[in-house]
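Listed next as structure tokens is one chain, alone, in the form predicted on its own.
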């Protein structure tokens, strides 16, 4: 049915500035056929790419087809009958993953690219290159980059773990002890910031994932310091500092010893869980200043605090753990609904609230870089685990297995431009 493309067809259209992306009906998902991949590790790469494209929720991945290899080029009429709008063909050498994407309707090569890949199939770096290739394939087909080449950090058994977005390569990155909490990613993916228990309260630390070394921020005061978040440029950290007069938000340089600067003045109330707007100019955070927890917005200099979530009276009202979407349109948060926490979003433009979950107790949402998917903690299986939700279709899949997992954070893309 299909043969390897001739070398003359292997042009990297993405590097020449040519517009890529299929033409297909808005609101529909293009069908994608991923062919078997030749070379050492090809079966694993094929499985990963198929799964990545499926988990993206933007394409219909065609499986269960007998994909024979012949001497001719792609049999476009046949693959079109199978429902494929695009065909993905790849091959592996010890140093390279070569990928061609075909546009079935136009019967031509849509895009092609080579990815440098480690020689040992299956290790973390090798898998990340394959994830990166999946994201590039998605961009070639839909015009929107995927989220496979990202990682999720979370807390389990008193340690920080990281995992790929398909749940593979899960491993601890801190030693037991110290009780780390609330990990958050640096924009580059090289660092994590988190809080930990210290002799005189809780402190903020920065972990270098490349070297494995961690350091406490010396500029933070003693006492309660928690829920840190890197600024979008990675140069600063906003965190919560608390004492007997309540808790407020402070800003501190991430990589110097300059003193911290106070942002909020809560007058004895609790102000915590900051999350940056994509442009770094504002923060969404949880505050009890109205008498119960609600989500507020404030400028980075502390001016113009504004209630974001709709104020209601009642003992059951509780809204917390905000997270600003990377595209700036939405803030996700947890809200108590009929006595149980659920994931909701609120639109910045018109303050429309939308409930996304209803099964079990669901907490602590964090956006993916595509502003479409969310990772959150849920007890729906009887044990707290992480789940990933597609906010457009409602499709939900379980990410973690084993011991309880909570307090997750989603990195930006770790792949190539």
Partner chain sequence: MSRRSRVASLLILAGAVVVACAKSPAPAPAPAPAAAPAVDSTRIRDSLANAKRMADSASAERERQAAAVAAARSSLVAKVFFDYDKADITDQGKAILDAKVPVLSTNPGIRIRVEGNCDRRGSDEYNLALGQRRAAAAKRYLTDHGIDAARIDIISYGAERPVAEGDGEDAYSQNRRDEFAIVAGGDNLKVAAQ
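Residue numbers count along the first chain shown, from 1. What you see is a predicted model; the values in this text were computed from it and never measured.
What comes next is about the form predicted in complex with the partner chain, which is not displayed.
- Comparing 179-187, 120-128, 213-221, 85-93 against the partner chain in the model of the complex, the single stretch with non-hydrogen atoms within 4.5 angstroms of it is 179-187.
- Proximity to the partner chain in the model of the complex, taken as a non-hydrogen atom within 4.5 angstroms, holds for one residue of 264, 165, 202, 142, which is 202.
- The listed set 46, 384, 29, 372 contains one residue whose heavy atoms approach the partner chain in the model of the complex to within 4.5 Å, identified as 384.
- In the model of the complex, residue 321 approaches the partner chain with a heavy atom inside 4.5 Å.
- When contacts are judged by a 4.5 Å heavy atom cut-off, residue 305 does not count as touching the partner chain in the model of the complex.
- At a distance threshold of 4.5 angstroms between non-hydrogen atoms, residue 336 is in contact with the partner chain in the model of the complex.
- Using a 4.5 angstroms limit between non-hydrogen atoms, residue 231 is distant from the partner chain in the model of the complex.
- Remark: none of the three candidate residues (255, 279 and 326) comes within 4.5 Å of the partner chain in the model of the complex, counting heavy atoms only.
- Within 4.5 angstroms of the partner chain in the model of the complex, the stretch 123-153 places no non-hydrogen atom at all.
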